[in-house]
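Only one chain is given next, in structure tokens, and it is the form predicted alone.
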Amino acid sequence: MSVTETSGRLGWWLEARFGLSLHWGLYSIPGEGEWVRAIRKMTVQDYQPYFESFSPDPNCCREWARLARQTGAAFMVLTTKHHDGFCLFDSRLTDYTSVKAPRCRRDLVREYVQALRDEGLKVGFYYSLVDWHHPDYGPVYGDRQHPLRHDPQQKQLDRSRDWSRYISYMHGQVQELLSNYGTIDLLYFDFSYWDFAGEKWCASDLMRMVRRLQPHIITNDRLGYEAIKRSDPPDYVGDFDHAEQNLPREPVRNRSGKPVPWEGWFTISNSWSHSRTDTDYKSPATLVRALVNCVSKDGNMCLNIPPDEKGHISPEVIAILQTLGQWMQKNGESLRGCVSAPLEKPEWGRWTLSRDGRYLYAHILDQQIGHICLKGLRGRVKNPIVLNTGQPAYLTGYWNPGIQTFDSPDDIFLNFSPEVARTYPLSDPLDTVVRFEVINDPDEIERENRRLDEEYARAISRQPLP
């Protein structure tokens, strides 16, 4: 079975397969989502009380890092600055930071970076290209989302805005983030819209600076419109496609048909940041299956969790993540370092394959009546083990002696007991994973097929199994 090679700076990320992100800032205080200022059409003065009252609890960053490790995540990404312009880091370019917030006075990005390093996690930053606080970001009037987009006074003010000053400011802040906190592993830019895309951001210069400051950093592809899918991508192209709240039907490819690294980015509820009214949390089963779905298509999954105004994660979310972590402890090998298997999607679940091609993993998501058919794998796999129990499973031809199989002669059947006529409930309702050793040697394939033929012959002659 063919596998995808891992090379260069993407190596650890392709192995990781799972991470967490956090949307957190001043907008967490009203608890109405990170777009609250735009939705309410708030002025800077309207929004100022949140700056004055922002006072996260000590050690909240350590709480996040411990939870990420317990969940089985390999990396975490924090919103260092969202669209409202408030920075969780110390910046010489603005006073609109957590360090200057009167009840905070802390560089929260520094605390976050240290907490992740202490837990052995890769460090990721999110940085918004959009900034509703900066006076030169615009034009404001008629913009798609700016809080003051409907204010007619902005027409006059737009004439005095200097976009080059904003670009200098934005590039300067990215330089600070990538210069002041040691090695940073992952950078999310967000986001392009209308003509605010590509070289409007001076994106090629920005990406050259990013690569110079952090040569091994991995970036998403949001400086333009799906540059990574072009046959001839621009200089500012990112390293992976970012499918927000979306799962592609198959592995992602560019317009030339070449594979594209990609990540599915999802919320644990329906909101990216803390919402007092949104408690519609996804179940552990939904999250496990989404993660499996991503990896089965050569993708990663990043799950977003929303701390409250003090920086704490709700008990309900913690419980969900702990259940996910327990599943990952037993079954994580079927995802970390795994790739898409060159097999048709089975009716009972998904396949993943270890990158070295040695192990094939069956993710059995639906309870079956009778055997589980492994299409086309007769003689190609052996030694099935149920990961969450450590117990063997069993491979057999069609169980009923004297009746020819109604599937292909290249198929084999999986059962959870040597009493193959019985149906057993799945051992894990989230996802029961069975690991197989892959047989690639032609002589061994022939021997395994001969063994199965002999077993079937004994069955139809009513001879007992040895």
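Just count from 1 along the sequence shown to find any residue number. It should be emphasised that the depicted structure is a prediction, and the values quoted were computed from it without experimental measurement.
The form predicted in complex with a small molecule exists for this protein as well; it is not shown, and the discussion that follows is about that form.
Residue contact with the small molecule in the model of the complex: residue 297 places no heavy atom within 4.5 Å of it. Residue 272 belongs to the set of residues with a heavy atom inside 4.5 Å of the small molecule in the model of the complex. Looking at residue 83, you'd find a heavy atom of it within 4.5 angstroms of the small molecule in the model of the complex. Interface membership of residue 361, defined by any non-hydrogen atom within 4.5 Å of the small molecule in the model of the complex, is ruled out.
Here the chain stands alone, but in the model of the complex its contact with the small molecule, taken as any heavy atom within 4.5 Å, falls in 28-36 among 434-442, 28-36, 66-74, 47-55. Shown without its partner, this chain lists 126, 351, 327, 201 as candidates; in the model of the complex, only 126 has a non-hydrogen atom within 4.5 angstroms of the small molecule.
Though the small molecule is absent from this view, in the model of the complex it lies within 4.5 Å of a heavy atom of just one residue from 236, 240, 89, 265, which is 265.
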